[in-house]
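A single chain, nothing else alongside it, follows as structure tokens in the form predicted alone.
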């Protein structure tokens, strides 16, 4: 049984297959007459809409389930939630606060488990990022991406995805908000070309794409005011974009806190590709689900 908890679960060959499936004009209907459970501990506009439509396009019926309905990890164990939902559905996707909940589901699930977001990883976003880079730049091999800001779940999955796709990644983050030794060890297993710096201009210099995310993720709200001060020099604005290649594109996983990690003048500029990137959440999710269902028997 294949599962998708992090982008590394695909491997380089699987990653290529998923991106190809995401572009397929006819992805088939492997979920015809079947259900897909979508469990949300965190609400999300893009994730819910992209996943529901991906399931529909594969012929299935998506069922949106809130945390109040399952109480995963409180009222019922992740393993028991997985066993219950697998009684009705052909796959389970979950957006969780704690990555360990997903691991508990995988241990008991007879159907594929998909990570729609956890504190550790965001594989579906990384797939959409690569799809967007490939669409907009015409290639992945040899592309340089500068990620500016908090090295969070989005950045970690992006790092692994870039490593497997031949993309060079530069990370610019304040001390204490950059990657860990464990991150570097994991990325190096894929031959990652990751440059670490605390200087955003150094990261952005001659980059093909500039990427940022919110400075305060869900669950970190009490740190918001402190983070605003620390991350202020990492704002992606016109001056920072000017340090990248003249035809560089701007990416953001959204929602954006306009005026903080990015200015209106950048997110609304001709360089911005945030809306194609958001649309690619649906296409990449469809590709990932099709790939998992094709490998459902191992």
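Please read all numbers here as calculations on a predicted model, not as lab measurements. Positions refer to the first chain, counted from 1.
Another form, the form predicted in complex with a small molecule, is not on view; read the next lines as being about it.
Visitor: Using a 4.5 Å heavy atom cut-off, are 117, 152 and 213 all in contact with the small molecule in the model of the complex?
Guide: Yes, because 117, 152 and 213 each have a heavy atom that approaches the small molecule to within 4.5 Å in the model of the complex.
Visitor: Heavy atoms, 4.5 Å, the small molecule in the model of the complex: which of 55-63, 226-234, 250-258, 24-32 makes the cut? Say which one.
Guide: Among the candidates, contact is made by 250-258.
Visitor: Using a 4.5 Å cut on heavy atoms, which of 217, 134, 168, 197 is close to the small molecule in the model of the complex?
Guide: The residue in contact is 217.
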